[in-house]
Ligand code: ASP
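Have a look below at one chain only, the form predicted alone, in structure tokens format.
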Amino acid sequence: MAAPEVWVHGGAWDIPIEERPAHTEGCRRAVETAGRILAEGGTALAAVVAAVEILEADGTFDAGDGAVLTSDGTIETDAGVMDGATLRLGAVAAVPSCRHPVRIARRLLDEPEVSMLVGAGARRWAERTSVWHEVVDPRGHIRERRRYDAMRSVRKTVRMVFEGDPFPRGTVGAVARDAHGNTAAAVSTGGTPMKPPGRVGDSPIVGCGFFADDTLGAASCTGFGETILRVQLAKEACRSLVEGNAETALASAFDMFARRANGVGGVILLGTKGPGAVRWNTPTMAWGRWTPEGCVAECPATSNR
């Protein structure tokens, strides 16, 4: 029997001080929910999907209810799920107004001929297969609408927003290992504030935003997607596990991430044995961890690079 464990993240960016308690509490609720599943003998796959669903429904994070607006004032969400035991995966991208894209991604794991769907086609498929339940109405995003109007008025670029302004970066994700030693990873996001409609970052791309393989481990990423894409950060972190434990693996992956791509973001990583780890090089990152001994959630004020 393996030691069950689950980690979640709620984004790596410059989280404003007044928003850190909500980020911490959201991560705590997510790992507690996932932890109960593992404690009752549930699978790693079920745990990560449940954790991400909690975060999507929170409204604090840039996913589901809290998704940011595109440059057109619309909402497009992405998600990905991977089962480390079978290497089955599912992903969706640029799905309009979807509150729980992780549910569609999870359903795609059971489809032998489809792994990824995008845009309106993903929504129609979800409606036909009865996994489409709730929508996010951009007209109801009062806080996001104010941010959108402010950003349009000064015409900031995506990179400028990321580097200096307190706009949401709360892409969410989870990794887990169950009592049988199987791993899984999941991720969900609303993308980058003021992104062009149709833009897809790292989150739904296997090996970049998420990855799980029982011969290595599981990882979920957050941050500036274009830099994560360049180095396939999730798979790189998992590959680095062959060199040591999760802490040393993340140190190695982040060294390459910064050196080769000038990367900005964070990763949660869990191997097939031993404790997992978290690493980020932004001012703050929200994360949580559950083991049978208890859970912890934090939103630290400094980088741990």
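Numbers follow the displayed sequence, beginning with 1. Because the structure is predicted, anything quoted here is derived from the model rather than measured.
In what follows, reference is made to the form predicted in complex with the named molecule, a form of this protein that is not presented.
For residue 225, a non-hydrogen atom is located within 4.5 Å of the named molecule in the predicted bound form, even though that partner is not displayed.
Within 4.5 Å of some heavy atom of the named molecule in the predicted bound form lies at least one heavy atom of residue 203. Put simply, residue 220 is far from the named molecule in the predicted bound form: not one heavy atom of it is within 4.5 Å. A residue is said to contact a partner when one of its heavy atoms sits within 4.5 Å of a partner heavy atom; residue 123 fails this definition for the named molecule in the predicted bound form, lying far away. In summary, among the residues 107, 199, 88, 99, the only one with a non-hydrogen atom within 4.5 Å of the named molecule in the predicted bound form is 199. In short, of 170 to 178, 113 to 121, 99 to 107, 211 to 219 it is 170 to 178 that has heavy atoms within 4.5 Å of the named molecule in the predicted bound form. Interface residues of 180 to 200, taken as those with a heavy atom within 4.5 Å of the named molecule in the predicted bound form (partner not displayed): 189, 191, 192, 199, in sequence order.
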